[in-house]
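What follows is one chain in structure tokens, specifically the form predicted on its own.
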């Protein structure tokens, strides 16, 4: 299957920019393999053409893959609206074609709960451990893999099980999130239909979910491109390049509101470019 992007698109920058945790490069470094909504996908890129090979026949096909990659996002428009910002321009030139992904909200919520006091390799290992211990085993043309566990599967596995595979203090938060969704019979995809403020309010009621994690979920899975997660990297960028004086005294949610006003409707894209640049340079 071939997808064509009308706008700048870099698969490498997008998949490995710290927003998704089930992608890896195979022995052929141009081939990227990931698990998305229970389907194994292998992706390569040749200029504007993105080639996708699905391991098994599922409902997750061409249309779903295009939505996951957010091929429709007009990066030319986004770049032009940010063009007066020097730091963003530097990041854009380095990582041209980096897109936000549209992930499954439940997986996104759990992975960013697991991001607390953690690094990307460790988050990936926890996601793999949860999938292998709780998720459905699937056999496709490439072999065996495990889907990311549903809230019901995490609920059955329990907090003690999650601690046993290394989640530590995060286990109680993941287990509680699963139990809340099971008891309420809620699909987090419903939050996409809510306003940014409504969805933020609903997300922060989950234990272990503060302003930063909620904004990650809003940005990377719920179509809220104005979301602006504030982590240690973003705080450094804002304080070193944008804010002066007593910025150390501004709380994280205050920094987030300032950045949303400064960057506007595509603040989330600005966030991802600034985060990626600061983390890698």
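Positions refer to the first chain, counted from 1. Given the structure is predicted, the values throughout are model-derived calculations rather than measurements.
There is another form of this protein, the form predicted in complex with the DNA, and it is not shown here; the text below is about that form.
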TODO: Note which of 209, 75, 200, 108 lies within 4.5 Å of the DNA in the model of the complex, where distance is taken over heavy atoms; exactly one does.
DONE: 209
Task: The single option of 33, 53, 231, 223 touching the DNA in the model of the complex, heavy atom within 4.5 Å - done: 231
Open item on the list: Can you tell me which of 79-87, 190-198, 169-177, 134-142 lies within 4.5 Å of the DNA in the model of the complex, counting heavy atoms only?
Closed with: 169-177
Open item on the list: Taking the DNA as it sits in the model of the complex, is residue 118 near enough to touch it, meaning that at least one heavy atom pair lies within 4.5 angstroms?
Closed with: yes
- [ ] Answer for residue 146 alone: is it within 4.5 Å of the DNA in the model of the complex, judged on heavy atom distances?
- [x] no
Open item on the list: I'd like to check something about residue 18: if you look in the model of the complex, is any of its heavy atoms closer than or equal to 4.5 Å to a heavy atom of the DNA?
Closed with: yes
Task: Proximity of residue 213 to the DNA in the model of the complex, heavy atoms at 4.5 Å - done: yes
Task: 122, 163 and 275 each touching the DNA in the model of the complex (heavy atom, 4.5 Å) - done: yes
- [ ] Sequence order please: the residues of 140-157 with a heavy atom within 4.5 Å of the DNA in the model of the complex.
- [x] none
